[in-house]
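Next up: a single chain in structure tokens, the form predicted alone.
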């Protein structure tokens, strides 16, 4: 199964992934359509931890604790893509799924997919329709810095092992200069804000 992986060292907190996710989940699929719309659904959030940024969304765990905890059966796994899917029509908004999710990836509000005019759970569905059409998830396609990738888990582990061996044998691998510059600016900005408080 392919999953979305994050290289937080490459994340520049541009939030293009958030915008792409909002557009993908909005009925208009346009930026102007979602502006000011309180029902806009954003399944990925870029969080800041000190001077680092990290995009957070559903990890489509195996086993999926949210699916096991859901008493109404609103959460299931797509057999073709392996994505953990939430059906808002069956959701009772009991928040059991959110309580057991270790990634804080499930939120509640009235979205365009909620038919009964009430708050329901919503989460990343791995852009399931896009993946079935051999497209990348919207957030991955929008990521300009390469912080998000959509890959097979086993292939990623093999690539990481080769990279680690290369670094061990040939010396430390460095990030491109523009990433280092941006990270240094974020460190300074964070230090300045921390000093003011």
Partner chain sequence: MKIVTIGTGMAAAEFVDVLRKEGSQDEIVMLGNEPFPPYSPCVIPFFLAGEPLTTVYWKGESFYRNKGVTALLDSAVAEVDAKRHRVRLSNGRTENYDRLFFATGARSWYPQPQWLETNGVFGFKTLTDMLAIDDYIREHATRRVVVFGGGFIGVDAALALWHRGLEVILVHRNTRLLSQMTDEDGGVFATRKLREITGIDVRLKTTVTDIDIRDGALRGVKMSNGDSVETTMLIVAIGVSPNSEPLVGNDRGVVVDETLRYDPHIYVAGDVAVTPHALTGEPAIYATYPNAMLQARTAVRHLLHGDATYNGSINTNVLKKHIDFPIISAGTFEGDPVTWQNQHLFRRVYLQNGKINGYQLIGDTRVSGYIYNLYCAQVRVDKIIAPILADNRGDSYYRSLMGFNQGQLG
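Numbering follows the first chain given and starts at 1. Between two forms, the rigid core is defined as the largest C-alpha subset superposing within 1.5 Å. Remember, predicted model here, so these are calculated numbers, not experimental data.
Heads up, the form predicted together with its partner chain isn't pictured, but that's what we're talking about next.
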item: Partner contact for residue 42 in the predicted complex: its partner chain, 4.5 angstroms, heavy atom; value: no
item: Residue 56, heavy atom within 4.5 angstroms of its partner chain in the predicted complex; value: yes
item: Partner proximity in the predicted complex: residue 148 to its partner chain, non-hydrogen atom cutoff 4.5 Å; value: no
item: is_contact(residue 37, its partner chain) in the predicted complex, heavy atom dist at most 4.5 Å; value: no
item: Residue among 152, 62, 135, 68 with a heavy atom within 4.5 Å of its partner chain in the predicted complex; value: 68
item: Heavy atom of each of 21, 26 and 156 within 4.5 Å of its partner chain in the predicted complex; value: no
item: Contacts with its partner chain in the predicted complex - residues in 83 to 105 whose heavy atoms fall within 4.5 Å; value: 89, 90, 92, 93, 94, 95, 96, 98, 99, 100, 101, 102, 103, 104
item: Rigid core superposed: residue 10 CA moves 2 Å or more between the shown form and the other one; value: no
